Ligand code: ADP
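A single chain comes next, written as structure tokens; it is the form predicted alone.
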């Protein structure tokens, strides 16, 4: 058994669907699970629909029609409008339309999961039907019959024992099985999701439960690179990465592999390959046990638009355990994700991501007990396996405000001087 995962970029249009079929034919798979994400940027479109349902009802029809038109354009390029395949996908769109009229919950996380998952249901139906039309027989499965979770909507926790039984029961050995990434179901059959970019995790779950030979994640890059090509001019391919290194890189913010994906694979020593759907004959990157990196080189991770915060007691007393506990509780309460921590006797510095736009409320709450200084719009650079040359290059980006180093990793908070793109 092998597990393939195709992300939204790989099936963003009709040509992408055709390319997916070519890849499966090239790989000559007869015993696999194919996990597919929502097409293109459709998750964003579904999020706009959720916002319309909850906060702007007069925009519901417009948001729905955008989704419907996007998928129908792809359908028109893959199927005859009178075909059964075309009708099968349209039935899902009709089901979605009824769902958005009937839903009456005001709980954002719950509504999000019930609506956004249709992106994956639609994409997998289209892929499955086109595979059949192309002579590639397959079984389409509703992943909600397989992966069971608790009811933590938008970030659900997998119930492993039940999930393993369901997967082993429903997956057909010796066939191509098409399933949705990202979504699952709780005990009440309500849809849940595994966190943004959770389709990689879905692939890991299936691989673990089926004792798969390997997992392949198909990306629009050559494999795992030593830096994000959107932020760095020159990048290099990493041929091999250890499980531990992949987890470290994910922790610091590398986006190629979902942080939760590695753990179930590591426990059963299942190799993970990251390959390019644009150049499917290349080997890409293998993530497995062994040396940290092959070849060994500095790896760069950048988090843009962070906030550097310095916190001190008003009476210049030491920052001790109860202070740190209080600060972290407030960070949790205001949904501020911490990317770097550094403390001295009388100050506590952190670099935070203000994803949920709660930072100003955090400052207001903490200022009653502490002195707070902060700098917005800073960038956090993390260098794994750093050397002198790599550090000098990063420091050219702008003014270093804070530096932290351990044996393998150096982090530098930079106030960028201009729209600099690093070159390695």
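Positions refer to the first chain, counted from 1. What you see is a predicted model, and the numbers here were worked out from it, not measured in a lab.
Form predicted together with the ligand: not shown, discussed below.
Chemist: 12, 92 and 115 - do all three of these have some heavy atom no more than 4.5 Å from the ligand in the model of the complex?
Modeler: No, none of 12, 92 and 115 comes within 4.5 Å of the ligand in the model of the complex.
Chemist: With heavy atoms only and a cut-off of 4.5 Å, decide whether residue 219 touches the ligand in the model of the complex.
Modeler: Contact check for residue 219: yes, within 4.5 Å of the ligand in the model of the complex.
Chemist: Is there a heavy atom of residue 135 lying 4.5 Å or less from a heavy atom of the ligand in the model of the complex?
Modeler: Heavy-atom contact with the ligand at 4.5 Å: absent for residue 135.
Chemist: Answer yes if any heavy atom of residue 102 is within 4.5 Å of a heavy atom of the ligand in the model of the complex; otherwise answer no.
Modeler: Residue 102: no contact with the ligand in the model of the complex.
Chemist: Quick one: is residue 224 in contact with the ligand in the model of the complex, heavy atoms, 4.5 Å cut-off?
Modeler: The answer is yes: residue 224 has a heavy atom within 4.5 Å of the ligand.
Chemist: Though the ligand is not shown, can you say which of 270, 307, 185, 254 has a heavy atom within 4.5 Å of it in the model of the complex?
Modeler: Spelling it out, the residue with a heavy atom inside the cut-off is 254.
Chemist: So which of 245, 197, 286, 129 gets a non-hydrogen atom within 4.5 Å of the ligand in the model of the complex?
Modeler: So the residue touching the ligand in the model of the complex, by this definition, is 197.
Chemist: Have a look at 308-316, 328-336, 138-146, 226-234 and name the one stretch with heavy atoms inside 4.5 Å of the ligand in the model of the complex.
Modeler: Stretch with heavy atoms near the partner: 226-234.
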